[in-house]
Structure formats: C-alpha cells, structure tokens
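Okay, here we've got a single chain as structure tokens, the form predicted alone, with questions on binding and movement later.
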C-alpha cells in the first residue's frame, strides 16, 4: 500500500527545474553540463553589491533575528512606496504593500485569495509556469492569450478580448516577459487596461525584470492607467542579485475599494504564513536607497551576452530567435524537422551537447511548443561553449 497524495499536488509541474533530474544523471558519470535553465544571475559571475551584503550582515549582528510583521518591515514598505512613486508615478501608501518571501510566494498568496473552482485567469502565452500551475492548484483554469512572435512577442489585443468570459477573474501582464524577453509597449498596456476596465477586471502586473532592459524602457501599466484596479508583483532577486534571500513584494493599487476584500484575504494568508525574512528585509532598504551603479554594469554585460547568443542561434540551421528586449532569456524556435516534441529536442541536446535548456511547452503547451528557453547569464566564453554544444547536438541529429 502507498499513501495517495492529492491530485493537485501530484499534478504540479515546473519545467525549469524538472529537467535537472536527467542532467544530474549525466553529471554523475563525470561529464560537465552547462546549465542554462535557471534565471539566477548569482549562479554565474554576477555578485551581490557589497553595501547590500553589509546591510544584511549588520541586520543580523544588530539582533534583527526575530519574527517580523506579517505585512513586512515598515521602513522597507516606505522605501518601496518611494520607489513606485519615482519610477512609475504610482502613489501608494504602505498599507497597500505586502512583503513576501520572493515573488513566487506573492503569486501563491494572490491566486489563493483570488481563484476558486472554475475561475479563469488570462495569462500571456507563453508565460512563467507558476501562474498556470498555481491557478490549476486552486481549481482554476489558466487561459493563455496569444503573443505574436513575429512582432517581438507583443500581445494580441483582439485575442485577449476573445478570451474573456463570465468566469475571468483578472488579466495578467508579464513585462519584461519570462520566457520571451518581450517588453510591452505603452500602447499595448493602455489597450489591455482599457479592455480590463470595460469588463470590470483587475490587472495583475509582474514587473520583476523592470530594471533589466536593453534600449526599450519598461513601462508599468500603473503609469498608463490610474483607475483600473491593479496588483503589482515585484522583488529584489534579479536586479539586486539576491536570488537566495527570497524577498519580493505585492502592491495593491486600488482607488475605489474594488480590491479591498481581496487584499484582506491576502493579508489573512500572509499572517498564517508568519513573515518574510526579517534581516533580509532590512537589507533591502539599503538596496533601494543605496548606490544603484551595479545595474549599469549588469545591463551592459547582459546586452553583450544577449547579442552574442542571438547571433549564434540565428546562424544555426533549424534555429531562429527574436532578440529579447528585457530580462535575460532567449526563446528560440525549433525550425528543424524530425522532433517529436520540444522536450525531446531539449533532452537530445542535453545528452549529446551537454547543455541544459528548458522545453518551451513548459511555459505553455500551445504558444511555447517547439521552442526552448535559455538564459544568457553566463560570460561570453561559456555561452560560446554552450552554443558549440548545441551545434554539436544538431549535427548528431542530422
């Protein structure tokens, strides 16, 4: 006899990490695998700025090692409010901000308070997997809307309109997008907000990569629409190079009280899970209010790595890719015939080229099919080795 887990847990998938298991088997044989599957800049040659490290160290030494407030450290929420005002012209009070254990916990708490059995969430196709998997976990249905690859993966506004039903609870925007690197234009955002307003729907905006763009400025939908109720998710992991510290935040932007019950339910969940890391929150005050010079260096290095990776991919027979305008991912299309699936392709590359990518269908079974995602976080010499491994795997397939 075996204990039977719940169907909701047994059915959870996270393609970004699921493929680590076959990679480990290869590594156990003594073969090195270049892992380009996880978006963690600190795992490569990017390092946490010294003043942020020092702030974390000082917070611990000063005795800030107890539980904190469930909604988050007040001074950090004040700094977040200042940041929202300065960057996005978004005026919110500290009472509208909740600090979370990474943006992923924010997703879990938000969808736990928003989604009931049979409810629908409009998500970009493709998009970051937890939005779909957590929606299903709570009995809901993720409904992907088309993004147009030939137009830099910009959203298909007509398709968004056609997907709205009486069960739709919200429209999700992820810009810069994971996995495509698309940065939505101001007109796109305005139209999505108009659609949401027409149907009385809130907008969820995931802005975790908002400081990592290459020539195209990130615009928050909170800047272009002041009346549509909005929930903004952001965090410190990527831009401030503290992926393992797990600090994110959620902002409820709601002038008319439409989201008040949702925010109350969210806070009940937050209290039940206690709090985010107390010393890490204090260090994030230093992150927001301290020097930002590391961002300039980081974006410059990432742009060089992006340009190299895109050029190499587009030179390969059977592979094509649109240059991303933000984040640190490429999402190439597999044009070469003969593959049963994109997962089959990724496993072949892992076995014969010793490079670990993520199958595109893990980000959406329709709009991600026959694509794969790679980070371009590694230095150019490592990216060159990875691209050589991919070319080798393509030759063995032919």
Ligand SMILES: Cc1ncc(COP(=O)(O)O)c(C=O)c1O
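Residue numbers count along the first chain shown, from 1. These numbers were taken from a predicted model, which means no experiment stands behind them.
One more form of this protein exists, namely the form predicted together with the named molecule; it is left out here, but the text below deals with it.
- No member of the trio 181, 312 and 331 reaches the named molecule in the predicted complex with any non-hydrogen atom inside 4.5 Å.
- Interface residue remark: residue 237 is counted as part of the site for the named molecule in the predicted complex, having a heavy atom within 4.5 Å.
- A residue is said to contact a partner when one of its heavy atoms sits within 4.5 Å of a partner heavy atom; residue 155 fails this definition for the named molecule in the predicted complex, lying far away.
- Residue contact with the named molecule in the predicted complex: residue 103 places a heavy atom within 4.5 Å of it.
- Mapping the unseen interface onto this chain, residue 209 counts among the residues with a heavy atom inside 4.5 Å of the named molecule in the predicted complex.
- Note on contacts: among 87, 246, 161, 146, the single residue with a heavy atom within 4.5 Å of the named molecule in the predicted complex is 246.
- Scanning 174, 251, 196, 298 against the named molecule in the predicted complex with a 4.5 Å heavy atom cut-off leaves one residue, 174.
- Only one segment in the set 287 to 295, 271 to 279, 215 to 223, 103 to 111 has any non-hydrogen atom within 4.5 angstroms of the named molecule in the predicted complex, and it is 103 to 111.
- Heavy atoms closer than or equal to 4.5 Å to the named molecule in the predicted complex belong, across 109 to 143, to one residue only: 128.
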